[in-house]
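A single chain comes next, written as structure tokens; it is the form predicted on its own.
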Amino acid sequence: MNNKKQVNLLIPFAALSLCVLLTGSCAKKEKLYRKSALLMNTTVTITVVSDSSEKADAAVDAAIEDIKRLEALISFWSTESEISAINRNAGVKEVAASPDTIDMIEKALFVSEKTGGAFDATIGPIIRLYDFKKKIKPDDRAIRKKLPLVNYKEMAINRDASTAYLRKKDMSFDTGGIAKGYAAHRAAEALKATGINAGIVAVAGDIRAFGLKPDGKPWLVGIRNPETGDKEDLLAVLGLSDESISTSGDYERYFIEKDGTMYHHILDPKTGKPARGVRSVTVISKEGAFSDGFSTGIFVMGTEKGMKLLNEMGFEGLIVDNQGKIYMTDGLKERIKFKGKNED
């Protein structure tokens, strides 16, 4: 689990305004406050609307603690997590797990079923063959050896007993494609529990927004241009309220071979190799785990099947193919603002 030191910085985003004197007292004005922390191997940024820095600080701290708690349970890389205990006992026995872990696994299996296995969290054995920082990729023989271990239907959960079991030895459940969206959603719920009525939680590119900004407008969220992958180079922006948004892009973790072939981290569970044909997928839904998981699955599925699934699920979404062509749901066309791109 990531134990990096938290960046504890609370920033008011609206300058203090002169309050109007009413019967000898000043009415408090709501402002935006933000705090960032290093969690889940990435930067987590939480912004809330509050009339008090003390209230905002306490609320954001509660949300951060909830993310820490979830990370300890569901981290794929931490040897102390419940997910790792489930993986160690694959093909051996059922493992008791917290309701949160079981809930996230259940959501992952739902996404797997709906995407026909294009999203499959049991891809863990294949994931471990790659190292994108060191530019290491497995050969075909190594992939073929591990592929029989990739099958979400071999993960069994028992909600009543709160247990999970991978039926085959050496199977491995990787939460990387769904954990951040799940955590962002849960952190937003933690904020609400403290009395915060509006805020936005960003766990890297997985974002959950609720309520409205002090000006009464939705939270403005940007979609990165996959051609550059630059955080400052936006393809489009849109307003978000009481929704989750996730983007999966081939620019997030990758390396390029000498022959020009790009190897990125979004792997096709059926081949064990990077999915081709799409540069990025953005999904908007009411559930953070679903925006996260479905953006990955639809990336693997491709434009035609992906657009069909978005409409079937009632999600809003946008797909950019490897030629730069943009596809999106009808509902998104009414609320998105592009920067000089042509859409289908």
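Counting begins at 1, following the sequence as shown. Computed from a prediction, not measured in an experiment: that's the story for all the values here.
Below, we turn to the form predicted together with a small molecule, even though it does not appear here.
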Self-check item: Candidate from Ile207, Ile74, Leu191, Ala121 lying within 4.5 Å of the small molecule in the predicted bound form - any heavy atom
Solution: Ala121
Quiz item: All three of Ile127, Ile266 and Val300 touching the small molecule in the predicted bound form at 4.5 Å, heavy atom to heavy atom?
Solution: yes
Exercise. Work out which of the listed stretches, 64 to 72, 304 to 312, 289 to 297, 44 to 52, brings a heavy atom within 4.5 angstroms of the small molecule in the predicted bound form.
Key: 289 to 297
Quiz prompt | 4.5 Å heavy atom contact, Ser244 to the small molecule in the predicted bound form | solution = no
Quiz item: Would Lys231 show up as a contact with the small molecule in the predicted bound form if we use heavy atoms at 4.5 Å?
Solution: no
Exercise. Tell me, yes or no, whether Asp100 is in contact with the small molecule in the predicted bound form, where a contact means a heavy atom of each within 4.5 Å.
Key: no
Quiz item: Wondering, does Lys180 line up within 4.5 Å of the small molecule in the predicted bound form on heavy atoms?
Solution: yes
